[in-house]
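Shown below, as structure tokens, is a lone chain in the form predicted on its own; questions about how it binds or moves come after it.
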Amino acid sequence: MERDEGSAPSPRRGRGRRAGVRSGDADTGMRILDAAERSFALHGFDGVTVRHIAKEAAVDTALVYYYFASKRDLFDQVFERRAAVVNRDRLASLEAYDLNPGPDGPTVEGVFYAFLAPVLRRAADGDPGWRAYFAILALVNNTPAWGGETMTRFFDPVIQRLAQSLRKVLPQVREDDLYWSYHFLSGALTLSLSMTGRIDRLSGGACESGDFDAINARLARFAAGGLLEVADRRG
């Protein structure tokens, strides 16, 4: 499958060239990002050192700092490169649904499906890097210290675009109900993307945490039912 991960990093500005390093060596930068992505997905931000990432990428530790200012800068670039792809896909899907919602017109479930389907397709069909990325996404969404700030920085515009589409379909919805409903959906989505295996054991094997076709068939309907019920009770 063709890689679709955004642009490769360039060496940091303001740093001189080091012996044995070619400025603009995209393969090296991507290799570091890939190694960091795998490591952060398995161990979280605090459980990984730059030295460990350098070893995983088969580069000198100094070379990591040639491309990235700090471990947090590296983490942010890992997070950003696929966030850009996810956001592009989600915005295109929402725009397409707005333009052609089908013969019965737009629905709350249809809007949620347009928003969720690009992510769930990546989780189902993407390379292993996408699954590692979604594990990181789940970790960030549940990190009190700086997770909210990170999610805000990278995802708020597309979430606001989702809210815009929902308001068109459900103009009477209260703002607090709308955002609480998204909050609950975000938790359900990131838990599903983390593939912890919890539902496998809980269901005695009736469900599999990696069955994204099953998730895709249910999650938009589940979210729509919740929002509609809340909005109806307010009405």
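Small disclaimer: the values here were computed from a predicted structure and weren't measured. Counting begins at 1, following the sequence as shown.
One more form of this protein should be noted, the form predicted in complex with another copy of the chain, which is absent from this view; the next part is about it.
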| item | value |
| --- | --- |
| Contact test, all of 141, 215 and 230, partner another copy of the chain in the predicted bound form, heavy atom 4.5 Å | yes |
| Region of this chain that lies against another copy of the chain in the predicted bound form, out of 76-84, 159-167, 98-106, 121-129 [heavy atom, 4.5 Å] | 159-167 |
| Interface membership of residue 61, another copy of the chain in the predicted bound form, 4.5 Å heavy atom rule | no |
| Interface membership of residue 190, another copy of the chain in the predicted bound form, 4.5 Å heavy atom rule | yes |
| Proximity of residue 135 to another copy of the chain in the predicted bound form, heavy atoms at 4.5 Å | yes |
| Interface membership of residue 172, another copy of the chain in the predicted bound form, 4.5 Å heavy atom rule | no |
| Members of 37-68 lying within 4.5 angstroms of another copy of the chain, judged by heavy atom, in the predicted bound form | 41, 42, 43, 46, 47 |
